[in-house]
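Let's start with one chain on its own, the form predicted alone, as structure tokens.
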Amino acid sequence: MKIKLEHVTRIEGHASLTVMLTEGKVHSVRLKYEEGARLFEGLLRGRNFFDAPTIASRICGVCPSVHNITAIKAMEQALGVSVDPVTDKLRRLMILAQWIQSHTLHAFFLALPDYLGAESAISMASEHPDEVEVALALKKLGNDMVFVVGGRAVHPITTRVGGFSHLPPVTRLADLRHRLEEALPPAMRLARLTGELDMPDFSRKTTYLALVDPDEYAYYTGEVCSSEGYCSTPDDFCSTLREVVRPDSTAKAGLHEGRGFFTGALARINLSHELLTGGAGSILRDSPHSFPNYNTFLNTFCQTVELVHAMTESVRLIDELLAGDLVTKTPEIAVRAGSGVAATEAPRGTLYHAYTLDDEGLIVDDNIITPTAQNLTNLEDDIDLFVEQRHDWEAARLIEGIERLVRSYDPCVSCATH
């Protein structure tokens, strides 16, 4: 039996799926990313270190700020540059804003229709207008946060190696704080709603990988840790992460210690749920689900919990920024040869940027490892088990279930085919 899905709907980008079964046993699963090769790493080589963050942000229109800031951090490591606390807080705020806009987009507009019997967010709006209105407001709030700090909503222009070229006005930050506080209660209601949805009964224990920091729910700093007790620095981890090039796909597939693994909201909550702040922790505890959890479909619920956490942390960061002097001092940058590796938590999982510079500050080697590429092997393993457990379903129902599983990963095919 052959199951062929020509186009996986409601994901970022284009992907197709082929599953081959014989007597109920899956012997081939292939998720093929259909985007054209985009060659960003090649485009960066030979460019000045100062250009890399701006170019790297073009990898994705959904999470450009995270690519931008991760590239900046890697360059600063290579050049031995340290930044002041205000710069640090503003960068953190941009990453949290990216979580708010991206998690809202996926959880409420791409995934939620699956559980409310709707074909799309547009058809869902007629029966659930209040929920859709809240989600639209949250998406706009995340966009506006990136605009205020980064200079525009997509592909920031104020960020730079060493600091910022322009700082947000105090009045704009205060306005964002007010809007975040107003939006927090409805966001919590949506998160609780998502936690109560009837998720498919599916469990496959795998390795979960994410940044971990003992002092906070990590997204900007930390070690790369796994659910099996492995921990290392981002540069050491990158040396052990294997990316497999496939002849039939423009995306690489991630392997660690010879196996697939999962990175993303579910991995972060499995590893650090006790560090969630504000109402996010209570939403998780009050849900019918216990953590650590091995049901991949819960990744969407975990994103809504992180949405609440990101909003709460954004309020705290803005309070700290407004309590002091909103000034930064750009350090002197001594151009030199060197290498730097940085990791941050993008909405879809841990993102790595690695660069090697020559003594003129030109990029001679680089490596960008995106969450969707890392997750590809694990996603295919999930599909394998899901289909074997439901091989007696009729084809249409099985395809619908597979699509729902793929969407649970919130894949960004454009990022994966860089």
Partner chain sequence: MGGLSPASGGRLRVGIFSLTSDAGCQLEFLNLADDLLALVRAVDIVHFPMARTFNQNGPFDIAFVDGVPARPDELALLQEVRRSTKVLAALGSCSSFGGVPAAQHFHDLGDLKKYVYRGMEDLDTLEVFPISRYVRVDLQLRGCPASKWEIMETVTALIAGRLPQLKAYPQCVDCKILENRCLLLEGLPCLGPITRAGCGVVCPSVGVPCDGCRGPTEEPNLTSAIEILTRGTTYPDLIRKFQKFCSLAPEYQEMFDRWRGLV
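Quick caveat: nothing in here was measured; it's all calculated off a predicted structure. Residue numbers count along the first chain shown, from 1.
Another form, the form predicted together with its partner chain, is not on view; read the next lines as being about it.
Student: Pick from 158, 233, 240, 282: which residue has any heavy atom within 4.5 angstroms of its partner chain in the predicted bound form?
Tutor: After the contact test, the surviving option is 158.
Student: Heavy atom within 4.5 Å of its partner chain in the predicted bound form: which of 326, 333, 136, 193?
Tutor: Of 326, 333, 136, 193, the residue with a heavy atom within 4.5 Å of its partner chain in the predicted bound form is 136.
Student: I need the one stretch from 38-46, 23-31, 370-378, 386-394 whose residues put non-hydrogen atoms within 4.5 angstroms of its partner chain in the predicted bound form.
Tutor: Stretch 38-46 is the one.
Student: If you check in the predicted bound form, do 50, 101 and 120 all have a non-hydrogen atom within 4.5 Å of its partner chain?
Tutor: Yes, because 50, 101 and 120 each have a heavy atom that approaches its partner chain to within 4.5 Å in the predicted bound form.
Student: Looking at the partner-bound form in the predicted bound form, is residue 273 within 4.5 Å of its partner chain by any heavy atom?
Tutor: Result no; residue 273 lies far from its partner chain in the predicted bound form.
Student: In the predicted bound form, is there a heavy atom of its partner chain that lies within 4.5 Å of any heavy atom of residue 66, even though the partner is absent here?
Tutor: Judged by the heavy-atom cut-off of 4.5 Å, residue 66 is well away from its partner chain in the predicted bound form.
Student: Determine whether any heavy atom of residue 62 comes within 4.5 Å of a heavy atom of its partner chain in the predicted bound form, and answer yes or no.
Tutor: Looking in the predicted bound form, residue contacts with its partner chain include residue 62, since a heavy atom lies within 4.5 Å.
Student: Classify residue 116 as contacting or not contacting its partner chain in the predicted bound form by the rule of any non-hydrogen atom within 4.5 angstroms, answering yes or no.
Tutor: No - in the predicted bound form, heavy atoms of residue 116 and its partner chain never come within 4.5 Å of each other.
Student: Heavy atom within 4.5 Å of its partner chain in the predicted bound form: which residues of 232-246 meet that condition, in order?
Tutor: Sequence-ordered list: 243, 244, 245, 246.
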